[in-house]
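To begin, one chain is listed below as structure tokens, in the form predicted alone.
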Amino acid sequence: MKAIAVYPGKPQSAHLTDIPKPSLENIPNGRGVLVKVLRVGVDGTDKEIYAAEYGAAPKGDDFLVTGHENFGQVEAVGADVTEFKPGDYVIATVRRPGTSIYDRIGLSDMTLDTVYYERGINLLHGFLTEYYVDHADFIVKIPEGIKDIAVLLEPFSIVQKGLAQADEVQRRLCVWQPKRAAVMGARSIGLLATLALRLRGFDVTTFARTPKPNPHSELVEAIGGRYFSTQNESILKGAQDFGPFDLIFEATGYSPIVFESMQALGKNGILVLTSITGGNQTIEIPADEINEQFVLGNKVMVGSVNANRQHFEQGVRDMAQAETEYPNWLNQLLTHKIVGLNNYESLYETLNKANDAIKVYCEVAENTN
């Protein structure tokens, strides 16, 4: 069967290859689920793998099948699978267990291991192919009502984990009644974070560079958020006008924003970091002032990476709620569709060059229902 793969360590090595169709027998104890891939989204991680900034092939192969944002339909299940049946819509989580205690209790996203296993990213083949098979424990069922937007669930799960981590950390306060939130960035993760916070009743200010009006600002405002361009005013000015912020969700991929966000955070507030910033950029910051504000203000900053099954499941619930409260909003994030695995060159070109893209995705196969 066809698959899009790269040679890890070799920049711009995306190619179409043939790999064997997987079998239920690949999964032990009759717990396999064979899935026909319908859609796969691509994002900044795929862009970095394409540029050979990271990524590793599975043992025994010199290539890595890419793609981790998946959506598909069950074709067959193993003898001991009762959770799914042929025809169900599903999504697979990304990370697989390693050896640490957290991996053993179902929290592989919190692994202590130096080496980790992520489908389409590191040491495991991904989903930009025609079929995959996986253990039922790593499959999440998708309701019929959100099938058209379900390819957004993997990035939405990142948001869900970040907000869940914030809730866990803020139990330190015994009573936490947050009202105002800021989101740094208005690309796909930033927009999804804005949505999740609005569904929870927050007054949300989303910060981005591009002045409005633009498609991103219109999406923010369509769900009752506030769009603030940092090209016109500073983040600190936005915090003065619309804060203090009880929670800041950072999703820019631009590390200097982290330090500005630290200064914009209100007392007892929490800053959630989700963007990964490679490189060696250095900047000057008011270190003493930031440190004093954090100590005297009982503030917290927490990093969050990947997501586990419970975050995917919460994402499903939020998607269903969003379709009721803000019909068709999520569908507007699916801006750039590339049809067919054969068009892999167009997929990566769009990912790398379409500055107006929110979500680029590959339509691998048509929905049969």
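Note that residue numbering begins at 1 and tracks the sequence as displayed. Since the model is a prediction, treat every value here as computed from it, not as a measurement.
Missing here is the form predicted in complex with beta-D-glucopyranose; even so, the following discussion is about that form.
For residue 95, a non-hydrogen atom is located within 4.5 Å of beta-D-glucopyranose in the predicted complex, even though that partner is not displayed.
At the 4.5 Å threshold, heavy atoms of residue 305 reach beta-D-glucopyranose in the predicted complex.
At least one heavy atom of residue 158 is located within 4.5 Å of beta-D-glucopyranose in the predicted complex. Although the partner is absent here, residue 124 sits far enough away that none of its heavy atoms falls within 4.5 Å of beta-D-glucopyranose in the predicted complex. Annotation: in the predicted complex, residues 24, 88 and 137 none come within 4.5 Å of beta-D-glucopyranose through any heavy atom. Comparing 70 to 78, 220 to 228, 206 to 214, 113 to 121 against beta-D-glucopyranose in the predicted complex, the single stretch with non-hydrogen atoms within 4.5 angstroms of it is 113 to 121.
276 is the sole member of 199, 285, 169, 276 with a non-hydrogen atom within 4.5 Å of beta-D-glucopyranose in the predicted complex. Residues are counted as partner-facing when one of their heavy atoms sits within 4.5 Å of beta-D-glucopyranose in the predicted complex; in 42 to 61 these are 43, 45, 54, in sequence order.
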